[in-house]
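Just one chain is shown here, as structure tokens, and it is the form predicted alone.
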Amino acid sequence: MKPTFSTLVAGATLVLLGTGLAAGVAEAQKQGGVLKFYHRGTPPSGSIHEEATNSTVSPYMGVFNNLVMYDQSVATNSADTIVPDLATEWSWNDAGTELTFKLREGVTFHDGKPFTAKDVVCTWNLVLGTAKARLRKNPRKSWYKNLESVSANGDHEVTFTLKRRQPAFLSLLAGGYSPVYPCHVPPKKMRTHPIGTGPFKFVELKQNEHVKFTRNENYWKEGRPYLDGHEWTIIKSRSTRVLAFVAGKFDMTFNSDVTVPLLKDVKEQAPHVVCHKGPTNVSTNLIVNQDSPPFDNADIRKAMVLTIDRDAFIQILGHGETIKSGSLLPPPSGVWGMPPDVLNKVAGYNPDVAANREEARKIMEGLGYGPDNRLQVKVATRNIAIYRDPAVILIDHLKEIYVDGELETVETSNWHAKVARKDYQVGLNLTGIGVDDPDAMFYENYACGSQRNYTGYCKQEMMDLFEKQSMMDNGPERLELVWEIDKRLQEDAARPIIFNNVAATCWQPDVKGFTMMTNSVYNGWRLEDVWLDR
């Protein structure tokens, strides 16, 4: 019997209750102190709307506010955990095509300028590409494919007008990737010195050294934040930075930086620290530039998928704990992903790796490749360990089908721009989903023309299915269609998913008020409720 939508949601909730993340004992918060993190590399910029990495979102989310956000004390993001932020209330029209927000009054940006409805209009005009100013990169423009316009009704009310109904639209606005920008600050300045209405003000970024933030003394939320600030020291070596955390030099690790194998070492060396291990809703995947010969040949792409031994990746990198999945995270931590009994029926997920590779070699031989005529490729990946390690395994797997890969590492500041302009042949990529909803996943990563559709996959029949599921209310009918879409994406080798990551974030026991979210690593970093018990 197929699981129902409500069964999956309930299962995810029970898992979270079991982890102790859904509830806690209230303590008397203390003011003061600077929360010290390490960071894995220099953020590409401070402009959240222009980036596609938690290297930016995690440190910079506290600079901003959203119209609405996911409750920072609840581990599972869902429509039921959306709470007011810069908006005080909202309502839909009867047709489900107009979403109106009443806005909070008396809020100011960090430079003292007042926040009004004009700033909301300017922000989404930037994202839509209809403003005079332009974003240098616009990775989530595709999220708003259905957004017709945003209009101000005076200074304290705005209406989002959609082309068709889209029940999940509010969920997109609640994520960490959806802050409100000031209308009077140009995008260029937002990259280097961002200004928001949030609990923390940007202080400085020094390349390869640190990023610093200080308390916003005029924050509109009374009594927040508790911290005097937070600082992120950049340490590129994962072993060095984890050892520094174990030694007590940092209060928290970077977001989901501790791998399953490393976690064992951390707990042995520092048994007192608090660690949350769980799914990140970030998949490790193969990207192949479909516009670059010979990879415009679907048969070559099929052979590359068939040579992947997913279980080997899972055992080597995650000690068996990372998750086999399609594009969406499966239950119990996720709601929308295919469960094992459905996933095992998807072409390419056959556990008989030897048979898969034999089929792949026959495909390659039919195209003229073989032991004496091997295909030479560069395998590009981001120059951080979480990308490099699986890239090395991928190269080893490609050798089985007469493909010799040379590792090409790309610095974080250049990675997303490089693959967005399709300046690569083959790549090992990680794809994080900002909001655990099919609208975010499908439109951002698989829709025709999206900047984040790195492979160039484009099929009109799939676009029609994306729209069909998007118009549905949450329930078993939408869930079944989402599974069918995901199955077809995997069988088309649109962006073959290797596994869904499991990792840990750790903090010292005197860090209080932080909740690690389980179905997106991008939405829990406002830090306004975090305090230090010292």
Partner chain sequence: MSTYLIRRFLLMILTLVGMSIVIFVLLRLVPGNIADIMFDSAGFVDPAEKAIIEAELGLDQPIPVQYYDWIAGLLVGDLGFSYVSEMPAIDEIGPRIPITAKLAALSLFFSVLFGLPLGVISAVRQNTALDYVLRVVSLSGLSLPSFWLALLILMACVAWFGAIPIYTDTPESLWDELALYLLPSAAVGFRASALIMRLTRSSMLEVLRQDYIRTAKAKGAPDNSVNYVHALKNAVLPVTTIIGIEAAFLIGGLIITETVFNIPGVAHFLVEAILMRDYPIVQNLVMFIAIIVVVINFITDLAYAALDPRIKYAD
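For the two forms, the rigid core is made up of the largest set of C-alpha atoms that agree within 1.5 Å on superposition. Positions refer to the first chain, counted from 1. Keep in mind it's a predicted model, so treat the numbers as computed, not measured.
The same protein has a further form, the form predicted together with its partner chain, not shown here; the description that follows concerns it.
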| property | result |
| --- | --- |
| Triplet 79, 200 and 214 all within 4.5 Å of its partner chain in the model of the complex via a heavy atom | no |
| Touches its partner chain in the model of the complex: residue 228 (any heavy atom, 4.5 Å) | no |
| 4.5 angstroms heavy atom contact with its partner chain in the model of the complex for residue 150 | no |
| Its partner chain contact in the model of the complex: residue 50, any heavy atom under 4.5 Å | yes |
| 4.5 Å heavy atom contact, residue 234 and its partner chain in the model of the complex | yes |
| Residue stretch of 67-75, 133-141, 358-366, 102-110 approaching its partner chain in the model of the complex, non-hydrogen atom distance within 4.5 Å | 133-141 |
| The single option of 275, 458, 83, 244 touching its partner chain in the model of the complex, heavy atom within 4.5 Å | 244 |
| 425, 451, 431, 123 - the one with a heavy atom within 4.5 Å of its partner chain in the model of the complex | 451 |
| Residues from 415-430 in contact with its partner chain (non-hydrogen atom within 4.5 Å) in the model of the complex | 416, 417, 420 |
| Core-superposed comparison between the shown form and the other one, residue 384 Cα displacement 2 Å or beyond | yes |
